[in-house]
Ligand SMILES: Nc1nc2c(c(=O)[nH]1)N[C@H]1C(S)=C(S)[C@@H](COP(=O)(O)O)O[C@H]1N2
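The data below hold one chain only, encoded as structure tokens and taken in the form predicted alone.
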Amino acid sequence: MAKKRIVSEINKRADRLPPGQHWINYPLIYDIVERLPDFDISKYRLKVWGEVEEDLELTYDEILSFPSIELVADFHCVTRWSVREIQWEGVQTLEILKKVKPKDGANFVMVHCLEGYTTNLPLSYLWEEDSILAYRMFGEIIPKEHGYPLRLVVPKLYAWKSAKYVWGIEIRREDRPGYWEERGYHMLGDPWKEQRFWGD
């Protein structure tokens, strides 16, 4: 059976390229560390916890066993470049949320990554059909520098919210700044509102 294929609604907007952006051909690589840590994929676990009815812990193979989708979505970096139609494959985040059952009053997420990066966003974005945990990119296993083993892809927000090397999703009642948000980046990061920094 063919995989479900979704084209993000942001690709269909009349103002498809957000203000202040320009198109490039392939996403640039940014990291908060000079050298990414090595890790044993057999020991990798994705954990989801916090304001949920059931905590969740999954091996990499268990993640791969979830129903997957192909997602085609433009990608917008806060540093003013954008890439058209990146092809991702992975698990819709809404499928993970259905498993953990967020509690009433759970409104935010903190995403935790293997190299120490964190980022925050409203829980509502993870219920969107075009938000996924991606493990493939352009038909291949996602390259390490682009987020292996799992990259959160949230096309409706600037790319720093699409965290790489994800190991944890913490469901929260209250918002709290992540790595770049603590350093002056916007708490939400909507590209069409140019929410780059605090005060935008």
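Don't overthink the numbering: it's just position in the shown sequence, from 1. Remember, predicted model here, so these are calculated numbers, not experimental data.
In what follows, reference is made to the form predicted in complex with the named molecule, a form of this protein that is not presented.
Shown alone, this chain has one stretch from 128-136, 157-165, 62-70, 41-49 that lies within 4.5 Å of the named molecule in the model of the complex by heavy atoms: 157-165. At least one heavy atom of residue 77 is located within 4.5 Å of the named molecule in the model of the complex. Contact check for residue 95: no non-hydrogen atom falls within 4.5 Å of the named molecule in the model of the complex.
In the model of the complex, residue 31 approaches the named molecule with a heavy atom inside 4.5 Å. In the model of the complex, the named molecule lies within 4.5 Å of some heavy atom of residue 117.
If you check the named molecule in the model of the complex, you find a heavy atom from every one of 27, 145 and 151 within 4.5 Å.
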